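Read the single chain below, which is given as structure tokens and is the form predicted on its own.
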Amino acid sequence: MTPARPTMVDGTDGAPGGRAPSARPTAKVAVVGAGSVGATLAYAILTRGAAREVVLYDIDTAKVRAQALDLAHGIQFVPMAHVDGSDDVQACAAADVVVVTAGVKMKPGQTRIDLAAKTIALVRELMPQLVHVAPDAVYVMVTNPVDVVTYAALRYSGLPRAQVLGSGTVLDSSRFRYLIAQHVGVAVQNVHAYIAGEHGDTAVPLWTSATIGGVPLLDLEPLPGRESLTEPARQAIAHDVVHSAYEIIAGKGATNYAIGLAGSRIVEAIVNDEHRVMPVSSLLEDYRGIGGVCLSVPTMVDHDGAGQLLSTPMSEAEVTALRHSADTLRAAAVQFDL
């Protein structure tokens, strides 16, 4: 295949595609996959000003060029940036962060684990190519089933643990906080709560450590006109966290906006060396007796990728559920010869 001519746009004057010496990007982010998730994630990165150079890479020549052009035509309205679109993996060379969104699209009725076989085969082929051109990048896996895919990417890339992480339950935790905020009647920004474990059916809501304005959520008195956060209410919230994606997929075919924003926030934490605590998926070794599997727990995210895991308070039931989630993911990895 002849590589598509890259679409290149920046915010400088002069010859088309030209770039002033002073406009060199402070960070280059490559997004692999120009579908709805990849394009939305690239859009979010640009609007947040998380990178000065964004590359879209996809083997679909026409689509990747069209997505890059569509993004480029709005570059006037976002922080200064440079956009490329190409079907040549070399376009990802020297990226600081590589976000992998390419994979098999989930269909209504499928679970994330159902997608694993074809996606893992893609990761087996793709990761060595990407590492060859961008060996120093931090790799953020977004493709589902993200925990198994992250484990596969780590194995097939040969990179250190910190350098390969998954979006994990960052989006689940955002859904969790949103639903809690709706029930309690506060701004979602005041809710601090995490979903741990699998990004999927065995996800674990960490009620024990959840707080609102510094008050433990389970101790919070109901606000006027609001109901108590009873056990049935908590079960309903936990159910909706896991199943809302299926509802969205049934309604419009894919989730893209929230995961695009979540993914861009992970990228931002890496690029800016924020040391931000996020429930990303990474390889665990002896975390509450769990090891040899990638799943999500609150993790320090910085320029090097997935850093220290936090010993977040958990009840005995939550630890048991987390171990069950790990066992489920480990069994899936074994099923796919990982």
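One rule holds for the numbers: they count along the sequence shown, beginning at 1. Treat the numbers as computed from the prediction; the structure is a model and nothing was measured.
The next section is about a form of this same protein that is not shown, the form predicted together with a small molecule.
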Candidate stretches 76 to 84, 202 to 210, 118 to 126, 226 to 234 - the one whose heavy atoms come within 4.5 Å of the small molecule in the model of the complex: 118 to 126
Check all three, 33, 144 and 255, heavy atom within 4.5 Å of the small molecule in the model of the complex: yes
Residue 65 within 4.5 Å of the small molecule in the model of the complex, heavy atoms: no
Contact flag, residue 37 vs the small molecule in the model of the complex, heavy atom cut 4.5 Å: yes
4.5 Å heavy atom contact, residue 69 to the small molecule in the model of the complex: no
Residue contact check: residue 53 to the small molecule in the model of the complex, 4.5 Å heavy atom: no
One residue of 98, 102, 154, 241 in contact with the small molecule, assessed in the model of the complex (non-hydrogen atom, 4.5 angstroms): 102
Contacting member of 274, 60, 285, 304, with respect to the small molecule in the model of the complex [4.5 Å, heavy atom]: 60
